[in-house]
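Read the single chain below, which is given as C-alpha coordinates and is the form predicted alone.
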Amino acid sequence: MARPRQAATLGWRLVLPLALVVLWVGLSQVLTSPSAKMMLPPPEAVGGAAAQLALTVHPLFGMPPLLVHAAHSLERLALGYLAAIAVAVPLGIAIGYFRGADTYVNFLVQAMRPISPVAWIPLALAWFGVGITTVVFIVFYGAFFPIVANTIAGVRGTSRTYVRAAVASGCGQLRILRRIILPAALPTILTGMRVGLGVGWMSIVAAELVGTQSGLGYLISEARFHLDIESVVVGMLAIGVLGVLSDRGMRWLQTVLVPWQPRA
(Lines give C-alpha, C1' and ligand atoms only; values in the text may rest on other atoms or scores of the structure.)
Protein backbone atom coordinates (compact mmCIF):
# COMPACT_ATOMS: atom_id res chain seq x y z
CA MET A 1 0.00 0.00 0.00
CA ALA A 2 2.86 2.32 0.84
CA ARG A 3 4.66 1.81 -2.49
CA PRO A 4 1.71 2.87 -4.72
CA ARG A 5 1.26 5.91 -2.50
CA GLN A 6 4.95 6.81 -2.78
CA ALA A 7 4.80 6.32 -6.55
CA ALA A 8 1.76 8.61 -6.77
CA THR A 9 3.51 11.25 -4.66
CA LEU A 10 6.61 11.08 -6.86
CA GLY A 11 4.42 11.32 -9.96
CA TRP A 12 2.74 14.49 -8.73
CA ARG A 13 6.11 16.00 -7.84
CA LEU A 14 7.27 15.44 -11.41
CA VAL A 15 4.21 17.05 -12.97
CA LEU A 16 5.37 20.67 -12.66
CA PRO A 17 9.00 20.07 -13.80
CA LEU A 18 7.78 18.07 -16.78
CA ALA A 19 5.24 20.78 -17.62
CA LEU A 20 8.01 23.39 -17.54
CA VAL A 21 10.17 21.26 -19.84
CA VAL A 22 7.27 20.83 -22.27
CA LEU A 23 6.65 24.58 -22.20
CA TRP A 24 10.35 25.21 -22.82
CA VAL A 25 10.37 22.85 -25.82
CA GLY A 26 7.20 24.41 -27.19
CA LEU A 27 8.52 27.96 -26.90
CA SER A 28 11.80 26.97 -28.54
CA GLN A 29 9.82 25.67 -31.52
CA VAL A 30 7.78 28.85 -31.79
CA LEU A 31 10.48 31.45 -31.05
CA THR A 32 13.00 30.72 -33.77
CA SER A 33 14.58 34.14 -34.39
CA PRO A 34 18.26 34.58 -33.40
CA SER A 35 17.37 37.13 -30.71
CA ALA A 36 14.72 34.80 -29.26
CA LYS A 37 17.16 31.88 -29.20
CA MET A 38 19.64 34.08 -27.36
CA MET A 39 17.06 34.98 -24.73
CA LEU A 40 15.71 31.42 -24.45
CA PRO A 41 18.13 28.81 -25.81
CA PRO A 42 16.48 25.58 -27.01
CA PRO A 43 16.94 22.45 -24.88
CA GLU A 44 19.25 20.77 -27.39
CA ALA A 45 21.61 23.76 -27.33
CA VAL A 46 21.69 23.74 -23.53
CA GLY A 47 22.26 19.97 -23.61
CA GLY A 48 25.20 20.43 -25.97
CA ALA A 49 26.73 23.09 -23.72
CA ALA A 50 26.21 20.86 -20.68
CA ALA A 51 27.92 17.94 -22.41
CA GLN A 52 30.85 20.11 -23.39
CA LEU A 53 31.25 21.53 -19.87
CA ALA A 54 30.73 18.21 -18.08
CA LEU A 55 32.53 15.76 -20.36
CA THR A 56 35.32 17.66 -22.10
CA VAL A 57 38.60 17.73 -20.19
CA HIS A 58 39.97 21.27 -19.91
CA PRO A 59 43.70 21.44 -20.77
CA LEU A 60 44.38 23.84 -17.86
CA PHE A 61 42.28 22.12 -15.19
CA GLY A 62 42.81 18.51 -16.25
CA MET A 63 39.13 17.92 -15.45
CA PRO A 64 35.78 18.91 -16.98
CA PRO A 65 35.20 22.63 -16.30
CA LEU A 66 31.75 22.13 -14.77
CA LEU A 67 33.13 19.73 -12.16
CA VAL A 68 36.01 22.06 -11.31
CA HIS A 69 33.76 25.10 -10.87
CA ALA A 70 31.21 23.11 -8.85
CA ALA A 71 33.95 21.73 -6.57
CA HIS A 72 35.33 25.21 -5.92
CA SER A 73 31.87 26.56 -5.12
CA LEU A 74 31.14 23.66 -2.75
CA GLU A 75 34.45 24.16 -0.96
CA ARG A 76 33.81 27.85 -0.37
CA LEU A 77 30.21 27.20 0.64
CA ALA A 78 31.28 24.60 3.19
CA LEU A 79 33.91 26.90 4.74
CA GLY A 80 31.61 29.91 5.05
CA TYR A 81 28.59 27.89 6.15
CA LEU A 82 30.41 25.90 8.84
CA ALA A 83 32.00 29.10 10.15
CA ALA A 84 28.55 30.69 10.32
CA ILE A 85 27.21 27.74 12.34
CA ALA A 86 30.21 27.84 14.69
CA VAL A 87 29.60 31.51 15.48
CA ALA A 88 25.84 31.90 15.13
CA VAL A 89 24.68 29.00 17.31
CA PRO A 90 26.66 29.89 20.47
CA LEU A 91 25.89 33.58 19.99
CA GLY A 92 22.18 32.88 19.49
CA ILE A 93 22.10 30.74 22.62
CA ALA A 94 23.80 33.50 24.60
CA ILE A 95 21.43 36.20 23.33
CA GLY A 96 18.37 34.04 23.86
CA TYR A 97 19.26 32.89 27.35
CA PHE A 98 21.40 35.56 29.02
CA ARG A 99 19.93 39.00 29.57
CA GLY A 100 23.29 40.75 29.33
CA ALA A 101 24.00 39.37 25.86
CA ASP A 102 20.49 40.31 24.77
CA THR A 103 20.98 43.86 26.03
CA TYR A 104 24.41 44.57 24.60
CA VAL A 105 24.76 42.32 21.54
CA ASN A 106 21.32 41.68 20.08
CA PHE A 107 20.87 45.31 18.98
CA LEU A 108 24.00 45.12 16.83
CA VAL A 109 22.93 41.78 15.33
CA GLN A 110 19.48 43.09 14.47
CA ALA A 111 20.92 46.32 13.03
CA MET A 112 23.24 44.42 10.67
CA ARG A 113 20.69 41.77 9.74
CA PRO A 114 18.82 43.80 7.04
CA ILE A 115 22.04 44.58 5.15
CA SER A 116 22.25 42.33 2.11
CA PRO A 117 25.38 40.18 1.69
CA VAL A 118 25.71 41.67 -1.79
CA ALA A 119 26.20 45.12 -0.22
CA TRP A 120 29.31 43.80 1.54
CA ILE A 121 31.03 42.62 -1.64
CA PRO A 122 32.82 45.96 -2.39
CA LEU A 123 34.15 46.15 1.18
CA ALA A 124 35.12 42.47 1.14
CA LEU A 125 37.04 43.00 -2.09
CA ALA A 126 38.84 45.99 -0.53
CA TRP A 127 39.69 43.98 2.60
CA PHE A 128 40.54 40.57 1.17
CA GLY A 129 41.01 41.13 -2.57
CA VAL A 130 39.83 38.78 -5.30
CA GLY A 131 39.91 35.20 -4.06
CA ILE A 132 38.47 32.58 -1.79
CA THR A 133 38.50 34.70 1.39
CA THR A 134 36.08 37.23 -0.06
CA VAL A 135 33.65 34.53 -1.15
CA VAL A 136 33.86 32.68 2.17
CA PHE A 137 33.20 35.93 4.06
CA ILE A 138 30.10 36.70 1.97
CA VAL A 139 28.76 33.16 2.48
CA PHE A 140 29.44 33.45 6.21
CA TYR A 141 27.60 36.74 6.41
CA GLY A 142 24.61 35.50 4.41
CA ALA A 143 24.20 32.25 6.34
CA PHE A 144 24.89 33.75 9.77
CA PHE A 145 21.70 35.74 10.33
CA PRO A 146 19.06 33.06 9.62
CA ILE A 147 20.93 30.70 11.94
CA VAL A 148 21.38 33.17 14.78
CA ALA A 149 17.79 34.44 14.52
CA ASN A 150 16.33 30.94 14.65
CA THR A 151 18.65 29.96 17.50
CA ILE A 152 17.45 32.95 19.53
CA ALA A 153 13.83 32.07 18.75
CA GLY A 154 14.37 28.43 19.67
CA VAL A 155 15.98 29.26 23.01
CA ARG A 156 13.32 31.80 23.91
CA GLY A 157 10.57 29.40 22.84
CA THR A 158 11.59 26.82 25.44
CA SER A 159 8.87 26.30 28.02
CA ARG A 160 9.62 28.31 31.15
CA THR A 161 7.88 25.61 33.17
CA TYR A 162 10.67 23.16 32.41
CA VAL A 163 13.32 25.73 33.27
CA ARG A 164 11.65 26.63 36.59
CA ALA A 165 11.32 22.94 37.43
CA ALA A 166 15.01 22.41 36.75
CA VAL A 167 15.96 25.40 38.89
CA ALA A 168 13.77 24.12 41.70
CA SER A 169 15.57 20.77 41.43
CA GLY A 170 18.89 22.48 41.99
CA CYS A 171 20.23 22.33 38.39
CA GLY A 172 22.88 24.86 37.45
CA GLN A 173 22.79 27.12 34.40
CA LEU A 174 25.06 24.95 32.26
CA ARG A 175 23.08 21.82 33.06
CA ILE A 176 19.83 23.59 32.19
CA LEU A 177 21.32 24.72 28.88
CA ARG A 178 22.60 21.25 28.03
CA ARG A 179 19.65 19.16 29.18
CA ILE A 180 16.64 21.44 28.57
CA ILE A 181 17.33 24.50 26.43
CA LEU A 182 19.37 22.90 23.66
CA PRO A 183 17.14 19.85 23.08
CA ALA A 184 14.05 22.06 23.01
CA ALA A 185 15.65 24.61 20.66
CA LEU A 186 17.30 22.08 18.34
CA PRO A 187 14.41 21.79 15.81
CA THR A 188 14.32 25.57 15.38
CA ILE A 189 18.11 25.76 15.16
CA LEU A 190 18.13 23.12 12.41
CA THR A 191 15.46 25.05 10.53
CA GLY A 192 17.67 28.13 10.71
CA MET A 193 20.61 26.10 9.44
CA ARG A 194 18.53 24.91 6.52
CA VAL A 195 17.44 28.45 5.65
CA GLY A 196 21.01 29.68 6.10
CA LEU A 197 22.24 27.07 3.64
CA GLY A 198 19.88 28.41 0.99
CA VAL A 199 21.00 31.98 1.65
CA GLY A 200 24.58 30.77 1.50
CA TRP A 201 24.03 29.44 -2.02
CA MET A 202 22.57 32.77 -3.14
CA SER A 203 25.44 34.64 -1.51
CA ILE A 204 28.19 32.51 -3.03
CA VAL A 205 26.86 32.99 -6.56
CA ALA A 206 26.78 36.77 -6.10
CA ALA A 207 30.29 36.82 -4.64
CA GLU A 208 31.76 34.58 -7.34
CA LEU A 209 30.42 36.89 -10.04
CA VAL A 210 33.03 39.48 -9.06
CA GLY A 211 35.17 38.07 -6.26
CA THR A 212 36.99 35.11 -7.77
CA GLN A 213 38.14 33.45 -10.98
CA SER A 214 36.48 30.08 -10.54
CA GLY A 215 33.21 28.65 -9.28
CA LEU A 216 29.72 28.41 -10.74
CA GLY A 217 29.10 32.13 -10.30
CA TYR A 218 32.28 32.87 -12.22
CA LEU A 219 31.22 30.37 -14.91
CA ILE A 220 27.92 32.22 -15.34
CA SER A 221 29.65 35.62 -15.42
CA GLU A 222 32.20 34.54 -18.04
CA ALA A 223 29.52 32.91 -20.18
CA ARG A 224 27.41 36.07 -20.04
CA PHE A 225 30.43 38.16 -21.06
CA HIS A 226 30.90 35.96 -24.15
CA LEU A 227 27.13 35.86 -24.86
CA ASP A 228 27.17 32.11 -24.25
CA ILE A 229 23.64 31.97 -22.87
CA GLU A 230 23.54 28.18 -23.08
CA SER A 231 26.40 27.92 -20.58
CA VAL A 232 24.66 30.47 -18.37
CA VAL A 233 21.64 28.18 -18.21
CA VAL A 234 23.89 25.18 -17.51
CA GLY A 235 25.48 27.02 -14.59
CA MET A 236 22.07 27.96 -13.22
CA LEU A 237 20.84 24.37 -13.49
CA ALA A 238 23.97 23.10 -11.75
CA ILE A 239 23.37 25.50 -8.85
CA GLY A 240 19.76 24.37 -8.65
CA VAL A 241 20.70 20.69 -8.57
CA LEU A 242 23.41 21.19 -5.93
CA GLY A 243 21.05 23.36 -3.90
CA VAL A 244 18.37 20.66 -3.91
CA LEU A 245 20.86 17.97 -2.94
CA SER A 246 22.27 20.03 -0.07
CA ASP A 247 18.76 20.83 1.15
CA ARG A 248 17.94 17.12 1.05
CA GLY A 249 21.00 16.52 3.17
CA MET A 250 19.75 19.03 5.73
CA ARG A 251 16.32 17.39 5.74
CA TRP A 252 17.96 14.04 6.38
CA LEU A 253 19.92 15.56 9.27
CA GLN A 254 16.68 16.89 10.72
CA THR A 255 15.06 13.45 10.58
CA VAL A 256 18.07 11.95 12.36
CA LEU A 257 18.45 14.56 15.10
CA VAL A 258 14.79 15.47 15.66
CA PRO A 259 12.74 12.52 14.35
CA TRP A 260 9.67 13.62 16.30
CA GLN A 261 9.33 16.77 14.20
CA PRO A 262 7.14 16.66 11.04
CA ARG A 263 8.97 17.03 7.74
CA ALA A 264 8.90 20.45 6.09
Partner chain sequence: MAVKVEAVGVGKRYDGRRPSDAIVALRDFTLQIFAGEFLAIVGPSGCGKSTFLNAVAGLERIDEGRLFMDGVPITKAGADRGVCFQDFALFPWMTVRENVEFSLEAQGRPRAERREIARKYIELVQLSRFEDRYPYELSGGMKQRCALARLVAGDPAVLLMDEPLASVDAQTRLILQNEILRIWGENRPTAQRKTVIFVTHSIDEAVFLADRIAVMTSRPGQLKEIVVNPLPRPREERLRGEPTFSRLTMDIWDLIRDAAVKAIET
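Numbering follows the first chain given and starts at 1. None of the values given here were measured: they were computed from a predicted structure.
Unshown form predicted together with its partner chain; subsequent notes refer to it.
> Heavy atom within 4.5 Å of its partner chain in the predicted bound form: which of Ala153, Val109, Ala166, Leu91?
Selected option: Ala166.
> Would you mind picking the one in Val105, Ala71, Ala184, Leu79 that has a heavy atom within 4.5 Å of its partner chain in the predicted bound form?
Of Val105, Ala71, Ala184, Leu79, the residue with a heavy atom within 4.5 Å of its partner chain in the predicted bound form is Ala184.
> Hey, in the predicted bound form, is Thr161 touching its partner chain, heavy atoms inside 4.5 Å?
Result yes; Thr161 sits at the interface with its partner chain in the predicted bound form.
> Is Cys171 one of the residues lying within 4.5 Å of its partner chain in the predicted bound form, judged by heavy atom distances?
Yes, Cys171 is a contact residue.
> In the predicted bound form, is there a heavy atom of its partner chain that lies within 4.5 Å of any heavy atom of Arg99, even though the partner is absent here?
Looking in the predicted bound form, residue contacts with its partner chain do not include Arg99, since no heavy atom lies within 4.5 Å.
> Indicate whether its partner chain has at least one heavy atom within 4.5 Å of a heavy atom of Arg175 in the predicted bound form.
Output for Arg175 is yes: heavy atoms within 4.5 Å of its partner chain.
> Looking at heavy atoms inside 4.5 Å, which stretch does its partner chain contact in the predicted bound form, given the options 71 to 79, 133 to 141, 176 to 184, 114 to 122?
Looking at the partner contacts, the answer comes out as 176 to 184.
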